[in-house]
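Shown next as structure tokens: one chain only, the form predicted on its own.
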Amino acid sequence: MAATPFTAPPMDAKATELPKVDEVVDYNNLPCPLPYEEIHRESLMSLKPEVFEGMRFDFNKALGPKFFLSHSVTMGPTEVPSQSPEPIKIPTANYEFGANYIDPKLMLIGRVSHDGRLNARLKADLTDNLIVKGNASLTSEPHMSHAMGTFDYKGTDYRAQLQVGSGTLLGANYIQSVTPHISLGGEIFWAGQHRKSGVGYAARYSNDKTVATGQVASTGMVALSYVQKVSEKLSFATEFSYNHMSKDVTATVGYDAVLRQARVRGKIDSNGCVTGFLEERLNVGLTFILSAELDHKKKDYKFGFGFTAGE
């Protein structure tokens, strides 16, 4: 009796698919969120570049692995307050000298200008969880100097901050990760000098490709932002802001592109303001900067260029 020959299964037969098992979220091991004041970090980097007008030259000189000096020269028009609908500008020039100490646990930054204005910043990691931040601005003009200190406590899946500033300014905020991608937070503040207080709430969703944030405050401010990362070198961002007190509404869309030797950022908003910002590396230690902002509604046009040299 002949044996029955073995028949191989057809090559196009599909293997039996096993049902997908939902990912189990470990709520005892959620990531630590960004600080409350930085929930819009990605959209700010794309939509709010440091636009300037005129000429700027920055030079940095390293004196050691953690200490370097900086020199900054700017020349260009400065807008002065006016009742006219069109901006009034006067030519100005400014020089700033800076000293900087950068360490993983301590950062000290100081700037002093030729007219006597002093700006200082401090960030110190007292422990692995407690960070102290401070900034101050001192000037000879009356009532224009101010200072603020911040205590930032970083937990495993939350952050809490306490802020104390000049003019009897007190503030506190808290943000908590509720899932691996969503964090929720709130803030409260009191400005004793102006006798004003308020509360605010914020939410943030983030993954590898998308960042969406929302923030609302009792002062009447609403801010929404969305960032889509197309690739590692290209992202698009949108922002919507509404101020109930002044009835101002602004919608903005922009992009952030990183090329081989350059970075280009641009945006346009619902008020007709168009902005472009280019940073191109010409050589090692030399960067060319080009800035432009066209505000057709206010008839305010700003163009600037500059160089950054040094290590």
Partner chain sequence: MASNSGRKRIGSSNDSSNAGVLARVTSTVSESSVYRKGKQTANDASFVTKKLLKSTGKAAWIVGTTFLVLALPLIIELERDGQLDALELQQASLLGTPPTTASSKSY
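Positions refer to the first chain, counted from 1. Quick caveat: nothing in here was measured; it's all calculated off a predicted structure.
Although not depicted, the form predicted together with the partner chain is the subject of the following passage.
- The closest non-hydrogen atom of residue 83 lies beyond 4.5 Å of the partner chain in the predicted bound form.
- Residue contact check for residue 243: none of its heavy atoms lie within 4.5 Å of the partner chain in the predicted bound form.
- Looking at residue 38, you'd find every heavy atom of it more than 4.5 angstroms from the partner chain in the predicted bound form.
- Contact check for residue 289: every heavy atom lies farther than 4.5 Å from the partner chain in the predicted bound form.
- You can rule out all but one of 53 to 61, 38 to 46, 260 to 268, 243 to 251: in the predicted bound form, only 260 to 268 has residues with a heavy atom within 4.5 Å of the partner chain.
- For the residues 233, 71, 146, 105, the 4.5 Å heavy atom test against the partner chain in the predicted bound form is passed only by 233.
- In this stretch, 234 to 256, the one residue having a heavy atom within 4.5 Å of the partner chain in the predicted bound form is 255; the partner itself is omitted from this view.
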